[in-house]
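Presented below, as structure tokens, is a lone chain in the form predicted on its own.
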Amino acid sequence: MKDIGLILGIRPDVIRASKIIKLLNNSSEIDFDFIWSGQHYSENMKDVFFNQLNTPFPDFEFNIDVTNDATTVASIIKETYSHLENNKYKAVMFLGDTNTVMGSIGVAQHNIPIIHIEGCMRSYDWRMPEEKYRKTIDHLSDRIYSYLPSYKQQGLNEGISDSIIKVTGNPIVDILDEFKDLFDSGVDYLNDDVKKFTNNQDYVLVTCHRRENILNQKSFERIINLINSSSKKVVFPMGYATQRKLKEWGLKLNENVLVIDPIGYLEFIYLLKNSSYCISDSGTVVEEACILGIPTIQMRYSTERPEVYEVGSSIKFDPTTEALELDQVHSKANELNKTEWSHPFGDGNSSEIIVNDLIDLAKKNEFNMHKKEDYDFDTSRSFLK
């Protein structure tokens, strides 16, 4: 029996967990398997990130049906359950809030302890599938790693036991610190069209992928209007689903906007580090920008990362309402570019904190951190006597 099975499935999870994976891989004190759910399956959305960050490739890869969310989740649960029939672990670990973490249901059906990295984040926006997923896995979990004390408090407010939540800081800080010099080489991976387009001039970087944004025509139109109102050059690595909706709804981007396919992490962070500011609906991107000192316009009705507003690295653009003065939104972002802030996400040792705790729990065989008092209740009306 191995200590841990780590199941990941999307690009940001590979990036955030890359140091954790390497530390586990290099440790003689813990045995683990790295399992790929298959949620991201195309070359430039998966393999390139393993290569660029020199992350060990998965030991196992599931074969899932990605036709839609239902088939994806159902097949991940089935594949997880089947995998655990043939491969034994003391605990199974997930990261984040995607379709992949719903594999935790298959783990729970085997009554194996569940570990959740990135626990207790909350946007309180019930339109988001991610909000439903993160609440589900948190309430199934036996050990939760929360990045910030405020996240832990949100879990406590929901009745999750204090004994299972450990505050660790955010492992993305570790990655941005460790690969600082490597990210400067990202320019070598950029397409010549991008380098020619930017030509050492000021530009804005854009990402947009959230379903509540791109599947709502009014919201998406407002986002396109915001992008088109920029007076700077705009580089827009656009996901394939976003490209389809842009074409389907006949929306047009101005000539100062360069649309490219999704790119590697080194290229992306290079572009982010050298941008005037970033317009994004990605939670991970606004974190990364905050850590790197780059302002963001966050295209969200609500966010699970309000810290970026609190430290002054981000301003809010709500796509659900009409913003009349779009030029003022850009003006505020330009003003942020002249300010400094301290990011709140940790000191760059989060991966070590998580791995050291996992090693300690493995030695004690105590991955289930629930205490008896968590389940104390009146048994007089139950079958328990």
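These figures come from a predicted structure and were not determined experimentally. The first residue of the shown sequence is 1; numbering continues from there.
In what follows, reference is made to the form predicted together with uridine-5'-diphosphate, a form of this protein that is not presented.
- Think of it this way: in the predicted complex, uridine-5'-diphosphate has a heavy atom of just one of N99, T303, S282, S276 within 4.5 Å, and the residue is S282.
- Residue in contact with uridine-5'-diphosphate in the predicted complex (any heavy atom within 4.5 Å), chosen from G264, G106, P113, G169: G264.
- Contact here is defined as any heavy atom lying within 4.5 Å of uridine-5'-diphosphate in the predicted complex, and by that definition each of R11, F268 and E288 is a contact residue.
- Stretch-level contact check against uridine-5'-diphosphate in the predicted complex with heavy atoms at 4.5 Å: of 79-87, 224-232, 308-316, 205-213, the positive one is 205-213.
- Proximity of P237 to uridine-5'-diphosphate in the predicted complex: non-hydrogen atoms within 4.5 Å are present.
- Among heavy atoms of L361, none comes within 4.5 Å of uridine-5'-diphosphate in the predicted complex.
- Looking at I15, you'd find a heavy atom of it within 4.5 angstroms of uridine-5'-diphosphate in the predicted complex.
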